[in-house]
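First structure 1, then structure 2: two forms of the same chain, each alone, as structure tokens.
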Structure 1
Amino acid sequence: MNGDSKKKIVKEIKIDIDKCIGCRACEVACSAFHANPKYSSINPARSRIRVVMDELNNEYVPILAGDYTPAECPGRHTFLINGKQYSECSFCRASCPSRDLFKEPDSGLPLKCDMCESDPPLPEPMCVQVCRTDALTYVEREEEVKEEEVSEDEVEIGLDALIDKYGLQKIEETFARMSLAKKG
């Protein structure tokens, strides 16, 4: 397969911020779906979509959690859109050290949107299903891709963050100690 091109379904959530009414139903649904067991608890702080809201600036920006980043940006841009100022952070998908967005509230581990991976697959991601105003819409399209991509799984993203926080050695030590303890 190496080097061959193949077809891949690209899943995309389109965001129309003008249609967002700031109801945060998307956060409710996402956190419910990712609870264990499914739907057993609600907690917008665990949601992988967050509505960045500044009511006094009429700002409602739904953002899907993207990658984890160990360092915050050195400087920040400001966007002027339709005469209104937005900080770059309003549109940034990163789980980064400078904010508590897209982190598990207890562990601080990063959260990432998984397009609601599920077996059997969902007809649409959860946030799109509950967003009745169509601020969020779902599209799937086929794309040619060169190589099979290695997708990081959640464990890997989490470990990455821990390594950044505590250093590889500490994590290795802890892991070794825990493995021993678990094996008894």
Structure 2
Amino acid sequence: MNGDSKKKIVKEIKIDIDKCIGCRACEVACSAFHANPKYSSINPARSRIRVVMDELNNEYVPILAGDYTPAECPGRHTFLINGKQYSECSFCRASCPSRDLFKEPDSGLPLKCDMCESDPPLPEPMCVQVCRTDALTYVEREEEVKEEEVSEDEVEIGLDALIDKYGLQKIEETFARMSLAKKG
């Protein structure tokens, strides 16, 4: 890591749970955008956003997929919200071994919100575009960060972890599928 710092644009989806009505349009739009080819199918299991729902109490919490973690978390805390208990897992953004949330249904590989990156770039992620209540809003801000260099060792460690978890054949198949999607 070198000591240089530079300004970087940080893209963020802000969530206002008080405005979410649980329509799940964000899940549908996300899964359609990430279908192969784009918009060819809708499967909310492929969505990088999920809405935790408690219809009886009219409470909805959109959760964006975060980083993959190879281990289960040690915390098993519960939250009491308006008389209903939720596990810590209910609001967790990670893809982990203890649950199937935020995993590609066919391969089991972890999903992570990519802010709907595409070429040409979208003005804002699909989930934000379809949210009619402004529960999801898109924000870009400048932030000063130290420049990090990613070493080949770090990439190899990450790939080794995925190969250990899913097997070389699944990783190769996923890379092949992703390569085709990027070309098409």
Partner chain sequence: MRYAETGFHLEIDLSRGNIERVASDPRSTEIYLGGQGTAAKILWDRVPPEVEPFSPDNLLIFSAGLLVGTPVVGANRTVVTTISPRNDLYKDSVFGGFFGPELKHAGYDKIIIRGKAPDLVYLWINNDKIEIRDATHLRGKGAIETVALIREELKEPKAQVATIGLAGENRVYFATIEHLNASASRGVGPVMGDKRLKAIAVRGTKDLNIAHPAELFEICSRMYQEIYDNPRCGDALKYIDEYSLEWHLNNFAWGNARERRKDFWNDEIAKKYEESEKRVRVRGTACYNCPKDCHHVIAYPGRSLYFQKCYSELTYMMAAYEDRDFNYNIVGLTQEYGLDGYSAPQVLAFGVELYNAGILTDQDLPGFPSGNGERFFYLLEKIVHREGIGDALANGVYYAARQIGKGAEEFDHNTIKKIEQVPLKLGMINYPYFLMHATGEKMNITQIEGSYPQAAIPDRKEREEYVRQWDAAPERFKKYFLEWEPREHPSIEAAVNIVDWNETMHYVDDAVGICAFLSSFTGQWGPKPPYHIYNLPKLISLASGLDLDPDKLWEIAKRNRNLIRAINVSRGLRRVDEKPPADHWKKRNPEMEQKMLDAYYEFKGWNQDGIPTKKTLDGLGLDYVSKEFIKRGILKENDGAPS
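Values in this document were obtained by computation on a predicted structure and should not be read as measured data. We call the rigid core whatever largest set of C-alpha positions still superposes within 1.5 Å between the two forms. Reference numbering: structure 1, starting with residue 1.
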| property | result |
| --- | --- |
| Answer for which single form is the form predicted on its own | 2 |
| CA of residue 161, rigid core aligned, shift of 2 Å or more between structure 1 and structure 2 | yes |
| Large Cα move at residue 19 between structure 1 and structure 2, threshold 2 Å, rigid core | no |
| Did residue 10 shift 2 Å or more between structure 1 and structure 2, C-alpha, core superposed | no |
| Residue 174 CA shift between structure 1 and structure 2 in angstrom, with the core used for superposition | 13.1 |
